[in-house]
Every structure is written in C-alpha cells, then in structure tokens.
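The chain below stands alone and is given in structure tokens; this is the form predicted alone.
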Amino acid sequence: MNPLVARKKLGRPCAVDPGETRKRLILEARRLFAEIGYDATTNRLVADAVGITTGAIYHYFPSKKEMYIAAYAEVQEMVYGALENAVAGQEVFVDKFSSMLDALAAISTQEPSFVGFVVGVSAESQRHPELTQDLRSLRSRTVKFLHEICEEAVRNGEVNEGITGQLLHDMIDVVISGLSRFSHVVDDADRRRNVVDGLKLLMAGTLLRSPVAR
C-alpha cells in the first residue's frame, strides 16, 4: 500500500482518539504559526504535519481562526499554569518574581515554539482584527494573576512609596515580553540563563553598585 495513503487513513477521526488528534492539530498549528505566521499557515500544511486529510480538520475546527484561538488558549493555560505553580508557597514578591523567571526560562527551553507563537500574537492580532476580541477575552487570566501578586506586594509594603500595583504590573509585563523576544531571537541556552540570573539580581537590588570614588 502507498505509505502516504496509509498515513492519511491512519489520521482520520474514526481511526484514532479524537482528543489526541485535536491535541496534535493544536501542537502542529502552533509550531507553524510560530515559524511561518498566520497567513502562510494553511489547513493543508497542518493536516500534512498531523497525517490526516485536510477535510478532517473541520471535524475539530471550523476555521483557521478557531485553530489559532485554541492554540493561544493552550499556551495561556500552560504558561500561566506554570507561573501560578511557581509562585505557590513564595511569601515575598522578589521570590515570586524569581520563580516566575525560572518557569519562563524552562518553558522556552522545553518548547521553543511557545515563545515564537507568543511573540507573534501582538502582530497577528493587529493584522487580523477578527482575532482581537477572542484573544483579549483569553488574557483575563493573565491580567488577574499579575494584578493580584502586584497589588499584594503594594499592600505588604514591599515597594517604595509612589510605586502602584499598576506600575509594577506594567513593569512585569515589559520584562516578560522582553524575555520572550530575547529567547526567540537568541538561540543560546547559556545566554538565556545568564539573562534570567541577571534579572533576578536586578530585582533584588544587587546587580549594580556605586562606582569607586577616585
């Protein structure tokens, strides 16, 4: 039998666990979205990567948009699930932030397509306004998570006077976004690790020192 035909038959919804096929579709779609972008990713490319017919995709996702949203939802769940686990048991903000950085570094190493996908979301939503509303609704967990730990730091007196929870939240957003972009561009695990360690020192106030008087 032609191996290509055999592969196609194997991938049809009736031949495998539907839940597993859906997971594989999201995984391969996310990788393609990260590597070549939303526009260049087609149902045929995703189907070929999974080993099913193009028509079979519609058993799981009615459109490419729905597949993109599903990929984003999974990324949100996995990334912020990891961050929530990272801060569990940490009492002070500096330790929470340090643990969050470790979790993000681990994710970028274990699954590089996560980073590429996340980095591309902002640009894709600008090019495709039809994605914006759905993506915004899925960000609520992210916003709530960061808002709560930042406001708690302010209530506990862990930041200087004049630093609001919103400002702290915005700063953390900038760090996370910047770290994601750096990890996406720099394919060097040691440099990524060094940056994370440097950010920890910066947050702890031990990165810089006063210049020696001449």
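Sequential numbering from 1, following the sequence displayed. Note that the rigid core is defined as the largest set of C-alphas that superpose within 1.5 Å between two forms. Note that the structure is a prediction, hence the values are computed from the model and not measured.
Heads up, the form predicted in complex with a further copy of the same chain isn't pictured, but that's what we're talking about next.
- Contact annotation for the candidate site: Met67, Val75 and Val115 all lie away from a further copy of the same chain in the model of the complex (no heavy atom within 4.5 Å).
- In the model of the complex, at least one heavy atom of Gly37 sits within 4.5 Å of a heavy atom of a further copy of the same chain.
- In the model of the complex, Arg127 approaches a further copy of the same chain with a heavy atom inside 4.5 Å.
- None of the heavy atoms of Ala56 is located within 4.5 Å of a further copy of the same chain in the model of the complex.
- Not displayed here, a further copy of the same chain is approached by Val174 to within 4.5 Å at the level of heavy atoms in the model of the complex.
- Residue-level contacts in the model of the complex: of Ile26, Ala153, Val50, Leu179, one residue has a heavy atom within 4.5 Å of a further copy of the same chain, and it is Leu179.
- The partner is not shown here, but in the model of the complex the stretch 178 to 198 reaches within 4.5 angstroms of a further copy of the same chain through a heavy atom at Gly178, Leu179, Arg181, Phe182, His184, Val185, Arg191, Asn194, Val195, Gly198.
- Fitting the two forms on the rigid core leaves the C-alpha of Ile176 displaced by under 2 angstroms between this form and the one not shown.
- With the core held fixed, the Cα of Ile69 is displaced between this form and the one not shown by less than 2 Å.
- Once the rigid core is overlaid between this form and the one not shown, Glu35 counts among the residues whose Cα shifts by 2 Å or more.
- Relative to this form, Ser177 and Gly116 approach one another in the model of the complex, with their C-alpha atoms ending up at least 3 Å closer.
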